[in-house]
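Here are two versions of the same chain, shown separately as structure tokens and labelled structure 1 and structure 2.
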Structure 1
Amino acid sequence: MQYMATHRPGGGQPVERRKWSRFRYPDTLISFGVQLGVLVFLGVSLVYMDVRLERLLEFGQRFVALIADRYYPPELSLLSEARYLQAILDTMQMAYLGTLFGLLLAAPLAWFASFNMTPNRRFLYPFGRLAIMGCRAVHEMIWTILLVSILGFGMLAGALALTLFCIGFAGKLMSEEIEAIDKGQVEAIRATGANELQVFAYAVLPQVRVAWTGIAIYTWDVAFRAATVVGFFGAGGMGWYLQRYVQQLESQRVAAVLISIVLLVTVSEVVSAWARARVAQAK
């Protein structure tokens, strides 16, 4: 559709009237070629991976049959055992420590990695970017495996793996918030003769304080979910029980562990959502 201006009979402001034109799709041969290439690639991928649609349609029925035959009824008495309750507490502590140390390290790295506010673009900027990207590039499970092989089994490896995970996760979000600030306050503080640290403390932090608080809460929520699984690779906590029962084919106990993980993650989601809502109200 195109618009053309016409004048009212009695004068006054012109009125825009629609002029009909043929809708052409796609606009160019390049657009058509890209879309066709995507569809061809999708079809080739389905054939190469031997994806059979009839098996996907039967997935729900097979899943229900598997749960009924192997995992039902779950052995819920496991959830009241003192050792398992201690494992739950260990998991929460591991998530808390990983989040705390990760955020403490992510904050200065985010400052260094922000292009508009980094104290030194030649050295600190690439260092901050490389540190954050390096932590994000490796999955927390891989970090756990590497640290367990170095430090041995236990919560220390899990807490360090979650720390590295939180650095990469929160550092990227925090640096993006810094790059979106209003430079007017920064220039005003710099005009007083403040150094880089004072500019960051009095011009940057007040603008990103609320956003960083929300990022910290979300980081803890994600780290808590990861902490329930890193124990599967030797970091202790609930994941150790999950690994043990999976290897011993104790399916009913596996179901009980999975139920406890879902319940804890649900509680964590509710608490983090409430905290984020309170932070949003403080804006």
Structure 2
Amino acid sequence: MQYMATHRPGGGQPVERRKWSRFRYPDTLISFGVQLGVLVFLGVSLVYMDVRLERLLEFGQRFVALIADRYYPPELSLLSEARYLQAILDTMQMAYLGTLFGLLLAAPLAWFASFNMTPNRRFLYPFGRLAIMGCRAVHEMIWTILLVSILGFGMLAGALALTLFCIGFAGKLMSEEIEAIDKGQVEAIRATGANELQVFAYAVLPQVRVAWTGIAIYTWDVAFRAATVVGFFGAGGMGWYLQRYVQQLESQRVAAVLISIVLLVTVSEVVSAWARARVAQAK
């Protein structure tokens, strides 16, 4: 702070009086400008998109009313039907395969795409980066729709879409882990005459193993969440029922499906959080 007392408490020499103000020349102006810009943009958006805030206020009661007369009571008996249990199993299988293959492909791509350890700067590095970025940028639901239109309805499209999603999701996190490793251990292994693959296995992998395990669990979590929905766009699993009942306006069944999705995903999230905490502890 530039603030200074005009007199020292000890009653010594009076210090030169300085002016203090919150305003500081370019910084405050820029910061105000940015804040104003954000607010104006949000305001314009509200008007442009014709969002009525007053609707939001009455929304709470409408929401409760809606749930009360349309979605309540959820038709929970659906959840114990064999075909729905099969759909849950299908969902898990898609998520499992998507995560597994996604991770298997993400590991080498992450290695290629790490600027410190890439085995080949000219080709493999940009290739790895591009592959991971491409998988990441396209939303998993768009992957699903595209693959369904190419391969037809069913779990294959879903599993592939989840694979692509996992490559993008895990690949980025994994390559960031590689970029943070200790270079000394790499140097030591390289000095023994090891080739690039051996350097990866002996100097990189041991260092990132714990972090990668955590990432793998996290990826499963995210993939399972997505897997519950991919069926909505024709790729099998629970989402398939969701879509059917939404279209047939069978709201009580929709409610049951939603409840099962939320329940399963939350359970999976809690378990994976616990597992990740354990992995982090194990070091």
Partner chain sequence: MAVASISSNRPFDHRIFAVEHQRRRARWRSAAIAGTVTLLAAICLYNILVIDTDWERMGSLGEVLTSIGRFLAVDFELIPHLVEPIIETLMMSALGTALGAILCIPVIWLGALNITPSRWIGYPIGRMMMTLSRSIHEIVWALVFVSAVGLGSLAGILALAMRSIGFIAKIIAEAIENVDPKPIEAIRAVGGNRLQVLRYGIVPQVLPVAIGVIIFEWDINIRRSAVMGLVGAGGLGLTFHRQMVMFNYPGVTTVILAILLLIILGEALSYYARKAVI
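Rigid core (definition): largest C-alpha set, two forms, superposition within 1.5 Å. Owing to the predicted nature of the structure, the values given are computational and were not obtained by experimental measurement. Here, residue number means position along structure 1's sequence, counting from 1.
Enquirer: Of structures 1 and 2, which is the form predicted together with the partner chain?
Expert: Of the two forms shown, it is structure 2 that corresponds to the form predicted together with the partner chain, while structure 1 does not.
Enquirer: Please determine whether the C-alpha atom of S45 is displaced by 2 Å or more between structures 1 and 2 following superposition on the rigid core.
Expert: S45 C-alpha, core-superposed: shift of 2 Å or more.
Enquirer: After a rigid core superposition, would you say the CA of Q35 moves by 2 angstroms or more between structures 1 and 2, or not?
Expert: Yes.
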